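Shown next as structure tokens: one chain only, the form predicted on its own.
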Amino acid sequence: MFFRILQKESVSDLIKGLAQTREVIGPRAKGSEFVFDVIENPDDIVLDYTTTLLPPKKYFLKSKEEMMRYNSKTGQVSEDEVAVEPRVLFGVHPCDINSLLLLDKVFLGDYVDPYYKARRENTLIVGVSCMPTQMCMCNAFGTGEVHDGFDLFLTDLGDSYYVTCQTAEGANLIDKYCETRAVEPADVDALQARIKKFNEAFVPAPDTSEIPLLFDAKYDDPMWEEIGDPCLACGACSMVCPTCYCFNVRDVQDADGVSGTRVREWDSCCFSDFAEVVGGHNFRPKRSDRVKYRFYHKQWGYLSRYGEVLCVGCGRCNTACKVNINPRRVLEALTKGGEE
């Protein structure tokens, strides 16, 4: 790992260079919001954005994808190959980089998902610093900074970026496509001032140190009815979440009634039929039960297996939910003794 200083006007040179051999994906404006999309013109990329509507997860775990074709008459099955062209995700916030590291534990762990693996291996990550909004809560989970999972990371110093080169490939690319200079003491001072400004910009977060214990102690607490009963079961929170990874696999039959396609698509534990099994029994028929399960998995279930919580505090679910169900509200209810 080494460090360089990159002038902001040189970012377009870096993007143009990367685009010679890779598809460049980055944040761009869409109306008043921001989305990750293919960048054809370097001028379209917006690196001082707040957050994107959907997380970069969509480039590794597709919202819907075909897994194979089948013919029930002949028994023939043809699996789809995962063809991924080299690409770079440019301008990813720390919380979203951390979210990919959490997904790696699931999809690259004991049972490797070939679709996810192929996309991860063919994607470079260029991170960029940000400033928290009122919705952000990464300070509660330690995900506002990142030390792994990227090739290059750009920290905004005003007229320039403090570039952290974590991988040899990232370092080679920045040296190849743009001019940089060595880090000077004044740059380190500016970096420290930037970090201080970032930390001071947060809305104070609830103390999460005793959260797993409180989840167990308050499993049957009335707060879950108060918070969860208004849920619309729309699944918006799961769709925008960078760490939700539930999916459904189903067969879509062709009109001939013989052949068809097996597809995988995003699912949500907030959907009414998520926990329904053959015979019609539903293990979580109530909206409040499903909301409780969602937060238990995020804050306790994943933690018990992987040692980390499955939330990076990006605030997307807070924005997407129309009935104000979000991590801050749940954690405050747990730590303050119920809904106020």
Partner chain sequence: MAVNSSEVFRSLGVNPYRPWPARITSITKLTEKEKLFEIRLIDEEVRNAFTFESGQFVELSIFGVGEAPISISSAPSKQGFIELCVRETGTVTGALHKKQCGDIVGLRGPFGRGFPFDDMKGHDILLVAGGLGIAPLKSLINHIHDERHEFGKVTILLGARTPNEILFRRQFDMWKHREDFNLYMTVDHADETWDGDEGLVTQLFDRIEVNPDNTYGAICGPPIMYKFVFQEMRKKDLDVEKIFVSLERKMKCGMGLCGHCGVGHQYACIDGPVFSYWEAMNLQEAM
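For clarity, a rigid core is taken as the largest C-alpha set superposing within 1.5 Å between two forms. Residue numbers count along the first chain shown, from 1. All figures in this text were calculated on a predicted structure; none of them were measured in a lab.
Heads up, the form predicted together with its partner chain isn't pictured, but that's what we're talking about next.
Although the partner is absent here, F107 lies within 4.5 Å of its partner chain in the model of the complex, judged by heavy atoms. Although the partner is absent here, S304 is a contact residue: one of its heavy atoms lies within 4.5 angstroms of its partner chain in the model of the complex. Interface membership of E276, defined by any non-hydrogen atom within 4.5 Å of its partner chain in the model of the complex, is confirmed. At the 4.5 Å threshold, heavy atoms of D267 reach its partner chain in the model of the complex. A heavy atom within 4.5 Å of its partner chain in the model of the complex is found for exactly one of S209, Q76, Q134, Q192: Q76.
Checked against its partner chain in the model of the complex, the residues N122, S72, N199, N172 give one hit for a heavy atom within 4.5 Å, which is S72.
The partner is not drawn, yet in the model of the complex one stretch among 161-169, 93-101, 137-145, 248-256 has residues with heavy atoms inside 4.5 Å of its partner chain: 248-256.
Taking the partner from elsewhere, no residue among F60, W224 and I227 has a non-hydrogen atom within 4.5 angstroms of its partner chain in the model of the complex.
With contact defined as any non-hydrogen atom lying within 4.5 angstroms of its partner chain in the model of the complex, the contacting residues in 89-126 are V106, F107, G109, D110, Y111, V112, D113, P114, Y115, given in sequence order.
Fitting the two forms on the rigid core leaves the C-alpha of V258 displaced by at least 2 angstroms between the shown form and the other one.
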